[in-house]
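This document opens with one chain alone, in structure tokens, the form predicted on its own.
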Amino acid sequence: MSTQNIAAPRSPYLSHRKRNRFNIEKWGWIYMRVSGFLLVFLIFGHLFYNLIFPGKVSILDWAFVAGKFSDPLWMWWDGAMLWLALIHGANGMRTLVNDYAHGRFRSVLLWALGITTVVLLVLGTLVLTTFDPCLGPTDNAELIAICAAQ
């Protein structure tokens, strides 16, 4: 009977070169947990401010949104919610595509998903950062005060 060096049961199977590679599945899994946790607070804060804080839903109009987006806090809040939710959803779709699609169809779907995600992130960020509430005449006193202060 020969004595061989048998690796411990929990020793890494992959070679040293492959062990140091970036593991997208691990980081995607971590991102899903962290972004999901943060999104719970961002979404409930968003819903509270928009639906409960004003007292009634009928108050939600252009002036309400303009007043909200005149505050940098809410611009950052909604921007963080946009980025986290879109990337969270795209990562979930990437996982589904990896599980159920094969071959060239899988590559096409992953590229389409990536391009769509980037386009939506760019458009959403442009809407948030270039929003101008003072585009036209209004009869809302709060909006008139916000526009006069600028």
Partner chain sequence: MTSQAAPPESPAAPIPEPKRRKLPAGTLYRGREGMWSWVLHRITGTAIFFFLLVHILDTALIRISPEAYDAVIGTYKTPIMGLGEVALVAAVGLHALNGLRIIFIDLFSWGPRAQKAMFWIVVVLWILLLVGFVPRHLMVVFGGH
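Numbering follows the first chain given and starts at 1. Definition used throughout: the rigid core is the maximal C-alpha set that superposes within 1.5 Å between two forms. Every value quoted in this text rests on a predicted model; they were computed, and no experiment measured them.
The form predicted in complex with its partner chain exists for this protein as well; it is not shown, and the discussion that follows is about that form.
Using a 4.5 angstroms limit between non-hydrogen atoms, residue 103 is distant from its partner chain in the model of the complex. In the model of the complex, its partner chain sits within 4.5 Å of a heavy atom belonging to residue 93.
In the model of the complex, its partner chain sits within 4.5 Å of a heavy atom belonging to residue 135. The shortest heavy atom separation between residue 58 and its partner chain in the model of the complex is within 4.5 Å. Along 34-73, residues 37, 40, 43, 44, 46, 47, 51, 52, 55, 56, 57, 58, 59, 60, 61, 62, 65, 69 each place a heavy atom within 4.5 Å of its partner chain in the model of the complex. Once the rigid core is overlaid between this form and the one not shown, residue 31 does not reach a Cα shift of 2 Å, moving by less than that. The two forms, fitted on the rigid core, differ between this form and the one not shown by less than 2 Å at the CA of residue 81. For residue 59, a C-alpha deviation of 2 angstroms or more is recorded between this form and the one not shown after rigid-core alignment.
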